[in-house]
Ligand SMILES: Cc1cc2nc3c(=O)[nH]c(=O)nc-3n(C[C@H](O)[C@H](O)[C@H](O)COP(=O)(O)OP(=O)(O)OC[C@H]3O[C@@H](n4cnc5c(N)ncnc54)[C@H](O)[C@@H]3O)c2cc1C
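What follows is one chain in structure tokens, specifically the form predicted alone.
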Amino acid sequence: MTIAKQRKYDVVVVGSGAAGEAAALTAAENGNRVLMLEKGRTTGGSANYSEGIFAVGSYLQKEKGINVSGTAVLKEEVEYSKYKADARIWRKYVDSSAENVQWLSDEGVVFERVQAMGAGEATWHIYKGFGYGAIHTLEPKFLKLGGELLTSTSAIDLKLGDNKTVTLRNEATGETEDVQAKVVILAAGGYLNNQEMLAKETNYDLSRLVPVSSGKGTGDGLRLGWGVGGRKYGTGMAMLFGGYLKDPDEPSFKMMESQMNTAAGQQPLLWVNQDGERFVDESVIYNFSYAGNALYGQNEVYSILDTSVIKKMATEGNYMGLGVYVERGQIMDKLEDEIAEAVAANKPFIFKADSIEKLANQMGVPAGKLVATVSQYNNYAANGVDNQFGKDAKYLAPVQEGPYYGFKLNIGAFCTMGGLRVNTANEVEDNNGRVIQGVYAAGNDAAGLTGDTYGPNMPGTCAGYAFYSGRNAAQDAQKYLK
């Protein structure tokens, strides 16, 4: 019994997310024999949950009269990263971003609109059917061109040579097999779902980190790249998105569409820590990576909502959405029912009481301190001035109508970013800065796009970079193959 149809390929792509699918299709369009590997039973990875991609100067932006300076984007992102991001990589990515959108559109991906998120620029190109629709538009084209796709098949070893040796493993049977490839593109999606690697490579409190992903980002591509001498670089950062409710009875991704989750974790209202104290200007949520950092600075965090603000969001709309799953300003018509159902089910993340003192007792925070915090906060709201942290008066909603609700917040994360040092062609470099010929890293396996915090002020950069870098790697690989 054999795993792959052939023994030799021009290109082997490890991973079938946005980077992998883009790399595989581009390589196939260039006339190569291509094998794409997916260790799970279904393709797309975490890209299936993405909403859109970054670009400047796209046809959609031109149609809407949206002008964003590519150079300004580059400067802002590099400065945001404290100059840990590679300005050369950003320059090429920005300059290619409009063509990246056009390529996807030409391949059949439908873009519905372009928009901003939070306080960011309008660079987010939203595709129809989320990332699932984009991925499963590209994949049939790859197969039609003769590309080979193996699901439930992982790459467990990589050896260098004029022809690289990739060891495959059938995840169902455990059978292994070697194939040869001139080029290997690592696009396995980072390591968010590998607890051991997270503990080693990051400083996050993993008991509070809620991965919202495909579950398959276990660092496979990074291990392969490091194993052949690729430089470890840019690890330690996860793409956080602020407060997130953890329901032990449901998969994490189900909370993405919950209005209750958005109301509890994504609003610029009142947060308190384990001591019943405020600790930040809560409008930090408009930059969700900063919000994640702020939440991690406390041992526990609770979001406090009273009945009046819940009614306001249910009838007038929320302050801040969660991507396009629950949009900013959306009428929260399911919010009250979702809260009632969670209370009735005695979910561990929600607390309800007729007084602030009783709410504090339920949450396990000092009652006297929480009562004092709420009283002080209500004074700020009445006077329209936050003397503690300077929050804008429009977000100072008083907490004065019972029943009162407390929500225990964890921190959501979409992915990790970084791991292998690459150049502008997405070629993997060794510890001396030399290119490892024929080995590429793309998407969340490639370093150079971020520092220690993801920059959500230019929404769509992560998914956009995945599609772009996969294509970029395959295009450069064509020069190597020739």
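In this text, residue numbers run from 1 along the sequence as written. From a predicted model like this one, the values you see are computed outputs, not experimental measurements.
One more form of this protein should be noted, the form predicted in complex with the named molecule, which is absent from this view; the next part is about it.
Exercise for the section: Spot the stretch among 440 to 448, 24 to 32, 64 to 72, 418 to 426 with residues whose non-hydrogen atoms come within 4.5 Å of the named molecule in the predicted complex. Expected result: Among the listed stretches, the partner-contacting one is 440 to 448.
Handout entry: Proximity to the named molecule in the predicted complex, single hit among N287, S154, N194, S258 (heavy atom within 4.5 Å)
Key = Filtering the options by heavy-atom distance leaves S154.
Practice task
Only one of K408, K84, K391, K216 comes within 4.5 Å of the named molecule in the predicted complex by heavy atoms, so just point that one out.
Solution key: Of K408, K84, K391, K216, the residue with a heavy atom within 4.5 Å of the named molecule in the predicted complex is K216.
Handout entry: Interface membership of C462, the named molecule in the predicted complex, 4.5 Å heavy atom rule
Key = Within the cut-off, so yes.
Handout entry: 4.5 angstroms heavy atom contact with the named molecule in the predicted complex for A473
Key = The answer is no: A473 has no heavy atom within 4.5 Å of the named molecule.
Practice task
Mark W124 yes when one of its heavy atoms lies within 4.5 Å of a heavy atom of the named molecule in the predicted complex, and no otherwise.
Solution key: Yes, W124 is a contact residue.
Problem - Any non-hydrogen atom of E201 within 4.5 angstroms of the named molecule in the predicted complex - result: Taking the distances in the predicted complex, the answer for E201 is no, it never comes within 4.5 Å of the named molecule.
Practice task
Pull the contact list for 29 to 57: residues with a heavy atom within 4.5 Å of the named molecule in the predicted complex, in sequence order.
Solution key: Read in sequence order, the residues that approach the named molecule (within 4.5 Å, in the predicted complex) are L37, E38, K39, G40, G44, G45, S46, A47, Y49, S50, E51, G52.
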